[in-house]
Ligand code: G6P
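Below, in structure tokens: the form predicted on its own, a single chain.
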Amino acid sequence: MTHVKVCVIGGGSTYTPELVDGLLRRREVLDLHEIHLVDHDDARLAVLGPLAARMAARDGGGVAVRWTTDRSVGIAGSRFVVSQIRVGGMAARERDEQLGREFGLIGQETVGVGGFANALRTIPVALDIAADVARWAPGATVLNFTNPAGLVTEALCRHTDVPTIGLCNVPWTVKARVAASLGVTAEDVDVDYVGLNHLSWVRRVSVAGTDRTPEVLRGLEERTSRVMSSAHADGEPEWTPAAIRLLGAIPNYYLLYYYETDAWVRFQAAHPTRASAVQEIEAALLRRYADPELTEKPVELDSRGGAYYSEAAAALMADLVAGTGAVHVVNTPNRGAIPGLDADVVVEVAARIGPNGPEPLAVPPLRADMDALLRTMKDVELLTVEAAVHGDADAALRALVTNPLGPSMSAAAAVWARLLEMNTGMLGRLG
């Protein structure tokens, strides 16, 4: 086995200590030799680089940690390139959320008009990164955590030859919570996880070959009932027992934006953006990270969100290197896994990790209501990729009006004009 180098694009992210922790815990199976952080923000690197180096020194495994603003240097010779960028930073996320609020729509960073704007900014940059990987680390695998993860992975798989796997912490979180509710370990649980990133369902849960789905769904109904009885009137929208019974599945949290759109719009009108809260959390985290005595990821990182982020990334890398044939839920081309969908569209399903990457596992056909929502959103994603790659404004407008969370046809032009104004010079061929 050759020494493994991992490059992290967006290494100045406050998530980086989580990833470094996961990599160091698996350094032996990875034969990890080097972690190289890349970011355009010198100030962030000046904090995250030394912290990552202190973590590696504390681990004592001889892993070198380097950091740079030169992407080619960071990528060169890497076995894995992790992308965790946010084009435009938290200020752009704030604008994405405000865009929805301005027009009485969902304001969120990965779904609706905010997710759409985020994708249009991000896809051109992601394609540039992939071109650098092809040039400086041919054969390397890109692990994409960059939001909106499914959309960005779709663009990379459709428009580059660089091996790319999209990842999200949500599948790990769902599996861990299901396992805890059943009193077993996550490794004991098998789930029928199907959909797109941030639009997915767990339809079946089994432990040692025994179907435990009814038990899990009853427990989820009971939990939602307790939450409803204790929830404040102005609290975030939540699932109800009736909704769980109707779905007959464990829904991805983000599906609430589709199933409880009106409630979310009302909630937004009365509360500050998530971006504003995250900016405060990140400022506190960066102050904590700058402590020269800190040599491990701090517990305060839990407040940032992204539980199991390190597990999803580091475990996948380890299994790709070791060739264990383990199963991970990833974003990857469908290749027949979900019946009726084109083979080349990116979906979020369980896949066996083989020597040539993910091999998606076939799942039963989707129920009509799930199928309709998934197909609609996949068409929205494909239109969005077309708009970003080719600078096609008509495709962008079609994506807006096709999205269930988007504007009406008569309002679409105004939304599009405002999006362009908010993102001037950041949309590649679109402006």
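Start at 1 and count along the sequence shown; that's the residue number. The model shown is predicted, which means the values in this text are computed figures rather than measured ones.
There is another form of this protein, the form predicted together with the named molecule, and it is not shown here; the text below is about that form.
This chain is drawn without the named molecule; in the predicted complex, the residue among 104, 235, 305, 77 with a heavy atom within 4.5 Å of it is 305. Taking 254, 289, 201, 172 one by one, only a single residue has any non-hydrogen atom within 4.5 Å of the named molecule in the predicted complex, and it is 254.
Against the named molecule in the predicted complex, the set 15, 93 and 168 is in full contact: each member has a heavy atom within 4.5 Å.
Of the stretches 242-250, 350-358, 270-278, 211-219, only 270-278 has residues with a heavy atom within 4.5 Å of the named molecule in the predicted complex. Although the partner is absent here, residue 311 lies well away from the named molecule in the predicted complex, with no heavy atom inside 4.5 Å. Residue 71 falls outside the set of residues with a heavy atom inside 4.5 Å of the named molecule in the predicted complex. Taking non-hydrogen atoms only, residue 334 never approaches the named molecule to within 4.5 angstroms in the predicted complex.
Taking non-hydrogen atoms only, residue 160 never approaches the named molecule to within 4.5 angstroms in the predicted complex. The partner is not shown here, but in the predicted complex the stretch 86-125 reaches within 4.5 angstroms of the named molecule through a heavy atom at 86, 93, 109.
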